[in-house]
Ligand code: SAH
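Only one chain is included here, represented as structure tokens and corresponding to the form predicted on its own.
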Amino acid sequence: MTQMKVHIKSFGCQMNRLDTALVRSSLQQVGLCLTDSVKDADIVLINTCSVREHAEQRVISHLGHLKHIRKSRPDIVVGVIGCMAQRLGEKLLEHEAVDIVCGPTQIPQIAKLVADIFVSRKKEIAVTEKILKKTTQKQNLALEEFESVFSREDENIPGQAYVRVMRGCNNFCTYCIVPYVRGPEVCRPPGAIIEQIKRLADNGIKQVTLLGQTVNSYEYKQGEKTWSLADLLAAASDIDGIEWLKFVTSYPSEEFFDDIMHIMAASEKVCSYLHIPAQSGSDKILRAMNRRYDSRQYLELLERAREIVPGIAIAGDFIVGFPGETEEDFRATVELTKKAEYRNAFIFKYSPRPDTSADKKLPDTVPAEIKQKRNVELLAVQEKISERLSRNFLGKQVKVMVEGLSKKSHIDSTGGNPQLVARTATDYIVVFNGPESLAGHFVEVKIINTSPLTLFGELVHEY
């Protein structure tokens, strides 16, 4: 496969971004060259997300475009990997444009699947037949080796890397497809995680984000010791070269919560940022979602976090228009949003996901126009909170990790430098003008203007 070119398109969450980076690295090792252009590619891989219907529709649209390209380039190989591949399996393989279907558990096989299809010219599929069963020891070893060997920095953000600490999920929230496409929860051995972070640090990585569907529920029994996320953060804090540690996404749970907050307060490296979705402010809706807490318990967790870690920034998620959500239920969500005082919140309109219990048992009764109205209103409520919190940064100097060129990339008329985008330890987005060479480095920026979601600054100095 030497000199062949591969184009990888990725949809979805940080977990998918990590999988894409691992696949990219594994294909490069067998001699494939990466290309940003579909037109130049011999192989096109699409890493997919099934969490929302919109994400799957974007993949179907992309496949339609590839079907058109195939008319003039019949030899192009197209593979669909990730959550949508696991969910649809053989149905997806029937698509005229698709040659390979590979689920998340099978991504260590992707290089072989690509090589085989050039030999056999037959369609290839590798998915988990019984996804709700625990992965076998053989599968775990293959995934562990794949994770360790091909771990690298995020291609789009120099100096940063994601490290998976666990796979799958056991919560079975009624709206969520994740357990049906990524399987049961499996925690990686702490030794393997720490060694992986050490190798990344040796290669110049300064910031590591620990990933899990419910990352704060990480638990690994090793002899007489039971490791928690707090233990992982403490051990990773001791690694030379790592300056910032973050973790996402947390489930609202008492288990290990205070331990995690205390290590965040004690360590200069563990960033004071907590992404902890509420999903609804209505206890009735939370029960219907199979979320194992009520609104009071949720707000108490936020209060404890702020007591233990002064200045912590908190982000949340909400689903509006869940089956059975009344206007009163929505009002409860608005009130919780105001009390939570999120730095920002990700707000989504409910869409039924096939095979979930909500799709099977709860009719989608909230009209689309009501979902849209509630979505817009809740975004407006959150925008006011975000705007007020952002204003607190005016005139202050903050340390940021530079990610690279901003999408707008305006050139500074005085210094001739482009606009860069960076993030604070509390995950605020900061834009300022500076040399592109700062990407992957820490700098000090003075904030001179704010908007609800962005801080605007001037470069003070580099570290």
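The shown structure was predicted, so the numbers you read here are calculated from the model rather than taken from an experiment. Residues carry their position along the shown sequence, with the first being 1.
The form predicted together with the named molecule exists for this protein as well; it is not shown, and the discussion that follows is about that form.
A.B. asks: Would Phe318 count as a contact of the named molecule in the predicted bound form, using a 4.5 angstroms cut-off between non-hydrogen atoms?
C.D. replies: Yes.
A.B. asks: Test of understanding: in the predicted bound form, would Phe348 fall inside 4.5 Å of the named molecule by heavy atoms?
C.D. replies: So Phe348 counts as contacting the named molecule.
A.B. asks: Using 4.5 Å between non-hydrogen atoms, is Arg291 touching the named molecule in the predicted bound form?
C.D. replies: Yes, contact at 4.5 Å.
A.B. asks: Taking 4.5 angstroms as the cut-off for heavy atoms, does Gln279 touch the named molecule in the predicted bound form?
C.D. replies: Yes - in the predicted bound form, heavy atoms of Gln279 and the named molecule come within 4.5 Å of each other.
A.B. asks: If contact means a heavy atom within 4.5 Å, which one of 48 to 56, 395 to 403, 433 to 441, 22 to 30 is the stretch that engages the named molecule in the predicted bound form?
C.D. replies: Of the options given, it is 48 to 56.
A.B. asks: Would you kindly say which of Val114, Cys102, Cys176, Ile193 lies with a heavy atom within 4.5 Å of the named molecule in the predicted bound form?
C.D. replies: For this set of options, the contacting one is Cys176.
A.B. asks: Note which of Gln213, Ser253, Ser228, Thr128 lies within 4.5 Å of the named molecule in the predicted bound form, where distance is taken over heavy atoms; exactly one does.
C.D. replies: Answer to the contact question: Gln213.
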